[in-house]
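Encoded as structure tokens, the following chain is the form predicted on its own, with no partner shown.
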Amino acid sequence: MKICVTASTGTIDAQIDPRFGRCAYFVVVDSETMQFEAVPNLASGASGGAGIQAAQAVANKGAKVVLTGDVGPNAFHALSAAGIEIVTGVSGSVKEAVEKFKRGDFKKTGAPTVGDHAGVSKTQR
């Protein structure tokens, strides 16, 4: 299964980036082999719609699960509509997060965890 983890850099040892729509990278990990692909988040600098654009990028990579710190309402709804399971409150490294998910240490998130524009600096608004 492909698991997408929001990350600060493009490695499996990277720290989790707590922002979904404005994270620096998506690290897409095959849960069976632990092979990964680092995908720069092109939506991170968008003036608007970053969460939706990011969700589309994740869906296009075939991810079935997203591990992140927080997710806003637009991204939550877009990911849910694509059938992607969302897990929030995740911290540590990408590798640690995937291993914890595989052990069943996380629970699926049932609602957005932040409001609109939570990851945007005031200069981006």
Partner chain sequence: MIVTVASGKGGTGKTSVAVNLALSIENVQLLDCDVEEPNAHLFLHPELLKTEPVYTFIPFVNQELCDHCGVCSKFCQYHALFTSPNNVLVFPELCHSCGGCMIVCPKKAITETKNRIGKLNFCAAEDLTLVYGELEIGKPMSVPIIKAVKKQMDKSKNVIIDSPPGTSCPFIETVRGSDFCVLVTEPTPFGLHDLKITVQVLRKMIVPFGVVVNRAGVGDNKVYEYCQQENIPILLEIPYQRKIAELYSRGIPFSQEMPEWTEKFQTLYSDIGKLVKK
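Positions refer to the first chain, counted from 1. All of these numbers come straight from a predicted model, not from anything done at the bench.
Below, we refer to the form predicted together with the partner chain, which is not included among the displayed structures.
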**Request:** Give a yes or no on whether every one of Q53, A59 and H77 sits within 4.5 angstroms of the partner chain in the predicted complex by heavy atom.
**Result:** yes
**Item:** Among the candidates G92, P40, G89, G48, the residue which, in the predicted complex, approaches the partner chain to within 4.5 Å (heavy atoms)
**Value:** G48
**Message:** Test of understanding: in the predicted complex, would M34 fall inside 4.5 Å of the partner chain by heavy atoms?
**Reply:** no
